Structures are given as structure tokens and as C-alpha cells.
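Let's start with one chain on its own, the form predicted on its own, as C-alpha cells.
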Amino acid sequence: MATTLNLYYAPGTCALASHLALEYSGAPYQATRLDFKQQQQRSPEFLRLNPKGRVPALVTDRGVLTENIAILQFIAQSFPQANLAPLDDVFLLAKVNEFNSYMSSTVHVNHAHKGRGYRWVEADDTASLQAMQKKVPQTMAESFTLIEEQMFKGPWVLGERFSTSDMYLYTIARWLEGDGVDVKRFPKVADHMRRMEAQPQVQKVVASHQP
């Protein structure tokens, strides 16, 4: 790739998944940290890059990519030597996108009901916001029960083959404790987290995401 990739991220967000993929890929990249408390994601400079005002956003030599699913596949295909996705198997590649789509469209949304309910109801609708927050432990636990029992092959999401799905699973599993769910309820996911956290790539990237 002609230019160094630049990933915009913020601590505690799903951008960790894309950051991990860059680190595992061996790609030349830089990571630009945004401070959400200072509303840097709403700054004119960032909104010119990503009008959505969210992370991750990846600046490439062909333009800006947003959304984890797109960024993860872009990284995997741009750096195939890293073996971050089963590019040689159309069905398994579809399974990667199936899993990552579930993390993005369902599990992440469940989590967002806790702190960002204003995306769905009026900010002054206290009763609705509280009802959404109260539901989060249940919906997150239900999602991870499905992952544990049906979607997770072990020892990695696809089985023996490590992929970007493992980075996405790890990223969102880190939110369980804050969502009132004990990860030990899901032994395979808990073991997955331990093995991910033992890897130097994960340790390096997670350190840069500390508050």
C-alpha cells in the first residue's frame, strides 16, 4: 500500500477491533486517538473525514473507510499474508462476515441501549431510557449465550483458524462486565478472552486504549 494507514479511534469503543486487525496485519499504520469527552469526534476536522462522527475511521490512499465490518475485510484483503480471514474459502469468508455482522448489528446495539438510548428515544423520556438500560444485561446475556452455544467453534470463532472475528468478539466481550454480565457464564468466551490477552499484539493495542 502506497501510504501509511491512519486509524481514528477512541478508548472503550468498537474501534479496538480494527486497531487489532492493523496490528496483526503487520501493515505500516498510525493510530490517532480521539477524546470523546472533549467531543473531538464532532470537530469540523474529523467530520470532514467521517460525517457520521463516530469511530473507527480508516484513512487510506483511496479515501476514508468507516464501519468495522468494512475495515476488517479491507485489512484482511490488503494484507493477505497475515491470514486474518479465509480469503481462499468463499463459505468461511461469508461466515466471518456473518459473525462480524451479528456483533455489529445486534450485540453492539444491545450494549448501546445502556448509554446511548437517546439514539432511539427522546432524551427527556426518562422512563423509556431507564427501561432500555434495564434490559441490557438480559439482551447481552442472550446474545452471548447464542455465541457460546451456536456460533463459537473453538478454540477460535471459526475453529482452528484465527480471524478478524476473534478480534471483534474480544472487543465486545470486554464490555460484558460493565453491562452487568459475568463472562464466566460463558466458559468458551472467557477462555478466548484469556488467550487473546496473552498475545503481545493485543497487549500493545489495549495499552493504547486505556482511559
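Position 1 is the first residue in the sequence shown; the rest follow in order. Treat the numbers as computed from the prediction; the structure is a model and nothing was measured.
What follows is about the form predicted together with a further copy of the same chain, which we do not show.
By the criterion of a heavy atom within 4.5 Å, Ala27 is excluded from the residues contacting a further copy of the same chain in the model of the complex. In the model of the complex, a further copy of the same chain lies within 4.5 Å of some heavy atom of Gln150.
Of the heavy atoms in Asn83, none are within 4.5 Å of a further copy of the same chain in the model of the complex. Though the partner is left out of this view, Ile69 does reach within 4.5 Å of a further copy of the same chain in the model of the complex, counting heavy atoms only.
For the options Ala31, Leu65, Leu34, Val183, the residue carrying a heavy atom within 4.5 angstroms of a further copy of the same chain in the model of the complex is Leu65. Looking at 66-89, the residues that come within 4.5 Å of a further copy of the same chain in the model of the complex, counting any heavy atom, are Thr66, Glu67, Ile69, Ala70, Gln73, Phe74, Gln77, Ser78, Asp89.
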